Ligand SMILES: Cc1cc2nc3c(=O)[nH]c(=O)nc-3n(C[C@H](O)[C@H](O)[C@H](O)COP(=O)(O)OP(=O)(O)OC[C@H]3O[C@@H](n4cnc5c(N)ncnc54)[C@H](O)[C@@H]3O)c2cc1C
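Just the one chain here, laid out as structure tokens, in the form predicted alone.
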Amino acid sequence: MNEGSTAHYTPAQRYTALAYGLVSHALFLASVVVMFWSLYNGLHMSLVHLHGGTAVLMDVLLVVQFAVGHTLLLSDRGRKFMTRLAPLGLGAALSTTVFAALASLQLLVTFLLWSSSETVWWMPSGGLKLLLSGLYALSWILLAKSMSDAGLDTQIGSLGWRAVWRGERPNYKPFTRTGMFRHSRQPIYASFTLILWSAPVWTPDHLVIASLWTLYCVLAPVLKEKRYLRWYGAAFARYQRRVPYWFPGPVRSIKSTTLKPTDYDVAIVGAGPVGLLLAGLLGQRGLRVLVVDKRTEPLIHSQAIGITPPSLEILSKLGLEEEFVQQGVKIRDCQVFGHEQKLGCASFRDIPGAHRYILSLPQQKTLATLESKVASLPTVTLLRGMEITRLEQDAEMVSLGGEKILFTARWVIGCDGHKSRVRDLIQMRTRGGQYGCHFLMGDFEDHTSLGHEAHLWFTREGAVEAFPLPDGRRRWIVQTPQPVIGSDHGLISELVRQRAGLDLAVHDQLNQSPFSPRWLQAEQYHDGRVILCGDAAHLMSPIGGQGMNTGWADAEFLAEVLIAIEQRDQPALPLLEAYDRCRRCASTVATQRAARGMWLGTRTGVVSSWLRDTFMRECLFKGPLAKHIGPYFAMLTIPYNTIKSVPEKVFALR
């Protein structure tokens, strides 16, 4: 499930894939148009004019060939067969493209070769025809929505050829659980059936094809679900138990109370900033909490450094606010420079609240402080050097471990980062991608005169960012044209000299790490008794420092949810859905902001750089927008940035 993993394809392979894609999409579009028009007119117009028993036999064969052919193509043998239908070793990569083309061709053959009985039983007119036509159109809209929810790239065959064209391996995602699939396991088949029966003109031909294909739409998904059980195991079985098969219905709820004893109330996988904060919030309220992490020691190199005012408010719940402030550096101003001159200053001095700054603190110090707090809580256990590779859950608890089940808990929380093993174990699909820009980051002993201010340089050649750190150090981030692999120290100093005009001694550099930002969004933040939090649920560009702070807001929200379930016996499902809805809203806003800021700052070239500098100087740092910059970058305007900003009407937490 690696999003966008690279693969090498020759030009011949890429153009072959493009040709397959064009043919597949042309067939798909033609099949939709022909099917729409033929059903709408009751199939009483046809290109072939057979009569009597020959016509009946031909029509039955056409109906059966689609149903049987479609089923066979989706079988294991059918999938192997389709891999032989593309040359140059592209069979596996183009399998979805080939399937979409063949399925579209089957529909085209059915409707173009249909022999009409030329008998019309009923043809509405006037307002009734308009009403039925609207229902028919709505049925097509529902089909399009359900296909989109399932993954339109797979449904129309673009997944395969586009991956080859972009030089990536096709990313086949697990089954979907959201959208229309939240209320029915088979909304595509149900919508297809609704199309068959809502077409306004009724003929013997219409009745035959509607009846036989409805039977297929009801029975065929049984085979599909057997394949899904083989591929996705317990995750799909849980989905089957919770969601109706064909007719839409309510989602079955999760038990809030249980008689089964468990080792812990909550097991948290991942001892990063988000996992440790969540453990502290839960342990402080008396829940039995287990935290496991595969690392034997915390991270050595610093990652996230910026802590926003809402996060300091969250930390105050653990009594850590002042301890963090004393360790960190208060950034009250951020000076921004263009290619040739200063563009303006993003100041936090006038933002509302007690903390009118962004606190800069290396992540290793953040982790040490949180871990010390967690260690002081008697109901929290932290185990390092343990990788969770197995999760089993039922209606009342979750078992977790490696080769053997080691612990049981009422809830398991995945705080194990953007490569989350927990997310993979519950077969949760994601969407995401790359931003297409690259950076090199390093910490230096600071001998500049930049003080406690942050500085940004946006030049024609690329961006440079500098943030003060405690202990007389400074974080430097430089944009690079390509990913940096195996570079010795010195590149950061060279790029800073070229773009910012500052000399950084190479021997003052303490570390460095390259990164190419990505974004990711889990389709759903919970599955049964397993919940995703932080980067396991959503990933955003680290430029702008919003990732860890968004994860901390997740942890605060989720802690209140679990307390409400475990100690106040509130129903679990509405609270989990509120967590998903509110935190998805917040993370989406934060991700979009991070993407916009990074896009603006990474424009290179003479024209783009001039346009950016003009926009920032004349629009952002002047006029009515200027007063909003501080609250914007301090994350004060992110929705639901603390639990206090969650409206009571969303759900009763407090």
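Keep in mind that what you see is a predicted model, and the values were worked out from it rather than measured. Just count from 1 along the sequence shown to find any residue number.
What comes next is about the form predicted together with this ligand, which does not appear here.
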query: Contact assignment for this ligand in the model of the complex, among Leu312, Ile388, Val464, Ala93, heavy atom within 4.5 Å; finding: Ile388
query: Listed residue (Gly528, Gly547, Pro362, Pro468) with a non-hydrogen atom within 4.5 angstroms of this ligand in the model of the complex; finding: Gly547
query: Contact label in the model of the complex: Pro273 to this ligand, heavy atom within 4.5 Å; finding: yes
query: Touches this ligand in the model of the complex: His438 (any heavy atom, 4.5 Å); finding: no
query: This ligand contact at Arg497 in the model of the complex, heavy atom, 4.5 Å; finding: no
query: Interface membership of Gly78, this ligand in the model of the complex, 4.5 Å heavy atom rule; finding: no
query: This ligand in the model of the complex: contacted by all of Asp265, Leu287 and Ala555, heavy atom 4.5 Å; finding: no
query: Stretch in contact, per heavy atom within 4.5 angstroms of this ligand in the model of the complex, of 564 to 572, 190 to 198, 289 to 297, 234 to 242; finding: 289 to 297
query: Residues in 403 to 421 close to this ligand in the model of the complex, defined by a heavy atom within 4.5 Å, in order; finding: Cys415, Asp416, Gly417, Arg421
